[in-house]
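Before any questions on binding or motion, here is one chain by itself as structure tokens, the form predicted alone.
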């Protein structure tokens, strides 16, 4: 058969998966809501049956404690599956749309259809969550899916490959790990969607490859997410929540606070609270604490370690070469040529800057690339309004950090260099679906004579109708 010819030298195992998934999607089985529901139930069973193995794999890759791994990865996936099962039928129902008066009698609907064959690229920092969460949306929308798992988190990726093969047929869900072959495949094979989570360098490679087939791409990236604390904030609570948000996965979180702006009049008091909660949350030295996550690999460890010389350390700065751990480090007086000023840190280092006028902060941030997240700690309604109306960002919190991800009703995604597209909950279903707009006109009445020729220059009544009958 012509469909089985592989003219572009794509790896045989990957081409076999692509061919099988195309053929299965053509049967129309994934369009059945009951089939999608059963896949989601099977996915939930896979996770619950193998929870211990997943926790061990996450510990091996990133040094995460069971509690942190469950809270930030498994628990969020479980919540997403339950939320999707609850609302799937409603999401898939046609949405009514308004119809202008000049088109009456007619009705308008928007229908949701699967995109077809989807490839999901997952990152290493949350190797379970950020593989399975978009998979849930893809299943819900009725697609066949190839999960391209990260080579940098080998234990979790290897386990997921085994589990996906065990619990699902590869003709509708398959796992794969070779990045080179995956990019080659999207260069030569048309996909319904490519979904990528990671850094901007690889994002550009994937976008260029997908453009060859006009394949739509969703990019979930990152950026330098600011955190602003003014004098009206509850300083103690702000310190507690900022430290907690930055400690997650040792700062290797795309929505972690990347740097702090603190109002000068409360800086000293606030730094004291930061130190208090750092010491409380890290009772043992973080670099010696087996429950404190490690840096993913040597390359990133050395990169972060080198940053420690780019400013004055307020507290932290401990490094353990043997375990690959770096303590949470608060820094100030950052060198102007430091990459801490321009690149996403993606680790447990938190630069601190002072401000006396929030408008100066806003003007500074508006000149920088739009971040994935923004956090503001303030009890001033005027300041909140000023920040929210004048800064663009993907998601964020007022008086909290990171917790926006825990709400499945809030779409998640970036803007500009921090990404394109949204997912989580209904937003994920919509992203992984194709929408068809349908106008259904009456076959009994025909009330618009202007649409039919012959046309002449007496357009006055037509002009009135199109201007005002909307």
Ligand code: NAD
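A quick note: this is a predicted structure, and the numbers were derived from the prediction, not measured. Positions refer to the first chain, counted from 1.
Absent from the display: the form predicted together with the named molecule. The rest refers to it.
ask   = Does every residue of 124, 152 and 198 put a non-hydrogen atom within 4.5 angstroms of the named molecule in the predicted bound form?
value = Yes: 124, 152 and 198 each sit within 4.5 Å of the named molecule in the predicted bound form.
task = Choose one stretch from 210-218, 237-245, 178-186, 96-104: the one whose residues place a heavy atom within 4.5 angstroms of the named molecule in the predicted bound form.
result = That would be stretch 178-186.
query = Within a 4.5 Å heavy atom cut-off, is residue 135 in contact with the named molecule in the predicted bound form?
reply = No.
request  = Classify residue 230 as contacting or not contacting the named molecule in the predicted bound form by the rule of any non-hydrogen atom within 4.5 angstroms, answering yes or no.
outcome  = Although the named molecule is absent here, residue 230 would stay clear of it in the predicted bound form, with no heavy atoms inside 4.5 Å.
message = residue 202 versus the named molecule, in the predicted bound form: is there a non-hydrogen atom within 4.5 Å?
response = Yes, residue 202 lies within 4.5 Å of the named molecule in the predicted bound form.
key: the named molecule contact in the predicted bound form: residue 373, any heavy atom under 4.5 Å   = Result no; residue 373 lies far from the named molecule in the predicted bound form.
ask   = Ok, 316, 311, 257, 223: which has a heavy atom sitting within 4.5 Å of the named molecule in the predicted bound form?
value = Filtering the options by heavy-atom distance leaves 223.
query = Only one of 330, 130, 159, 173 has a non-hydrogen atom within 4.5 angstroms of the named molecule in the predicted bound form; which is it?
reply = Looking at the other structure, the residue within range turns out to be 130.
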